[in-house]
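First, one chain by itself in structure tokens, the form predicted alone.
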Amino acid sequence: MKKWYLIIDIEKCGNCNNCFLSCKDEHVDNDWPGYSAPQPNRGQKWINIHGKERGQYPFIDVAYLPVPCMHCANAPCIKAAKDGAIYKRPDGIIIIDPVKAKGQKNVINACPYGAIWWNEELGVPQKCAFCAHLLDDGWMKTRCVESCPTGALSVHCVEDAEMQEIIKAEKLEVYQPEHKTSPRVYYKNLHRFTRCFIGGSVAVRVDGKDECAEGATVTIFNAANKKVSQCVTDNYGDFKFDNLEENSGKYTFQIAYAGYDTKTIEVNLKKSLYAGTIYL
């Protein structure tokens, strides 16, 4: 049958926190029997937004990673819960039964994504329930998706085969695949948060003045001298090679610009770096 999936595009997330606030609006002081107990006003983040800064001044970017419950197909929280307190619906949504789960604080540590929270007042674990109470009432979007102004979040109710086609076409990834939980939350442009880049600026001297070398061809090679990628500098003379593995060692890039000798630069990549202004 069709299952619910959430897709998050890191490139489009600007940390506006509308998703977080709409979740609060839906669940704080609101009891949805069978789905979730009221969420506390403070402390819990059923969609938790992490930020990461990459690079060095003046070549820096920032990415934001919203992390809700992953609604895993192989959910470790289900295994940790007793008496069926946490279960997976046929449509893939993971629900913590607010009655059966009372007192089961241990399930918090079972989630490798830190997506389960403890309600001290009610004595119950809580998390994102994918707005299942709304979906069951005919809604086609969760509150977080409905409130996202950039389209960074989207929900899809599709067969598994169709989702696999979407994953391939959109180049989607799961966060922290090493946990092997088979999440139903997928990310686009996840490299903005999990991987790194090499950036630089190319310039020339003309009549004693520095000018940006727009249109220079920059080719990057790895330690095995294999071509990794190629790009052209923009009108500021800047170039950027992204989606590189941290601590991946030596990279060499060659810069070719009409009327100037080709220049070769070598860097050692540990984390995102700016190679500075390179004069031809």
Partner chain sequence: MKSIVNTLSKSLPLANLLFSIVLLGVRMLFGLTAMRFPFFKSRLKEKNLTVQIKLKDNSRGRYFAIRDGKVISKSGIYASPDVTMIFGSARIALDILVPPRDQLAMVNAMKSFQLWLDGTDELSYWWMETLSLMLNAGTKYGTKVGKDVIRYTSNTNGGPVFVYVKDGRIIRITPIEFDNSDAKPWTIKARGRAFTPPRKTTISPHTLVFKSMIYSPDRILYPMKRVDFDPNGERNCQNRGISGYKRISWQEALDVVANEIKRVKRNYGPGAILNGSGSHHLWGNLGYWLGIRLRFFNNVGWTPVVHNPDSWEGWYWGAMHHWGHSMRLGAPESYGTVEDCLKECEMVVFWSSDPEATSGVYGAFEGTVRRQWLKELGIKMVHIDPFYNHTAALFGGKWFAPRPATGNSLALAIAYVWITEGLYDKEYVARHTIGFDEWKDYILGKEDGTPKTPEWQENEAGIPAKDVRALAREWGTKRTYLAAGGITGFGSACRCATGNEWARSMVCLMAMQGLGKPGVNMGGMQQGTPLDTSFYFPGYAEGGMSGDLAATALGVSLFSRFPQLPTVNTVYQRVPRLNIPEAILDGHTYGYPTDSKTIEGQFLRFDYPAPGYPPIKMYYKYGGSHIGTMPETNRYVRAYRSDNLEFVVNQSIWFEGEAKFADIILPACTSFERWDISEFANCGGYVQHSFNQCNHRVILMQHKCIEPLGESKSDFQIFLELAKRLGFAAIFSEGVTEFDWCKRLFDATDVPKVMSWKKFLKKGYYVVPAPKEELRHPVSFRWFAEDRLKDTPEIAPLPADYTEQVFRGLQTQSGKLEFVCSSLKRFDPDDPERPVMTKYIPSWEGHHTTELFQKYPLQLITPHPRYSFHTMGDGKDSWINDIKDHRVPIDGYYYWIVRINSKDAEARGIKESALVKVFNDRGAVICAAQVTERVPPGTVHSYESAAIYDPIGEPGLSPDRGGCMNILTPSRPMIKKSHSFAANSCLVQIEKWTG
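Quantities reported herein were computed from a predicted structural model and do not represent experimental measurements. Rigid core here is just the name for the largest C-alpha set that superposes within 1.5 Å across the two forms. Numbering follows the first chain given and starts at 1.
Beyond the structure shown, there is the form predicted together with the partner chain, which is absent from this document and is the topic of what follows.
With the partner removed from view, the residue among 89, 195, 102, 141 that has a non-hydrogen atom within 4.5 Å of the partner chain in the model of the complex turns out to be 141. Taking a 4.5 Å heavy atom cutoff to the partner chain in the model of the complex, the contact residue among 243, 219, 222, 48 is 48.
Judged against the partner chain in the model of the complex with a 4.5 angstroms heavy atom cut-off, the residues 38, 169 and 183 are out of contact without exception.
A residue is said to contact a partner when one of its heavy atoms sits within 4.5 Å of a partner heavy atom; residue 119 fails this definition for the partner chain in the model of the complex, lying far away. Contact check for residue 149: a non-hydrogen atom falls within 4.5 Å of the partner chain in the model of the complex. Contact annotation: residue 73 falls outside 4.5 Å of the partner chain in the model of the complex, judged by heavy atom distances. In the model of the complex, at least one heavy atom of residue 137 sits within 4.5 Å of the partner chain.
Taking the partner chain as it sits in the model of the complex, the stretch 1-26 comes within 4.5 angstroms of it through a non-hydrogen atom at 11, 12, 13, 14, 15, 16, 17, 18, 20, 21, 22, 24, 25, 26.
Relative to the superposed core, residue 20 undergoes a Cα shift smaller than 2 Å between this form and the one not shown. Shown in the overlay between this form and the one not shown, fitted on the rigid core, is a CA shift at residue 39 smaller than 2 Å.
Once both forms are fitted on their rigid core, the CA atom of residue 232 lies 2 Å or more apart between this form and the one not shown.
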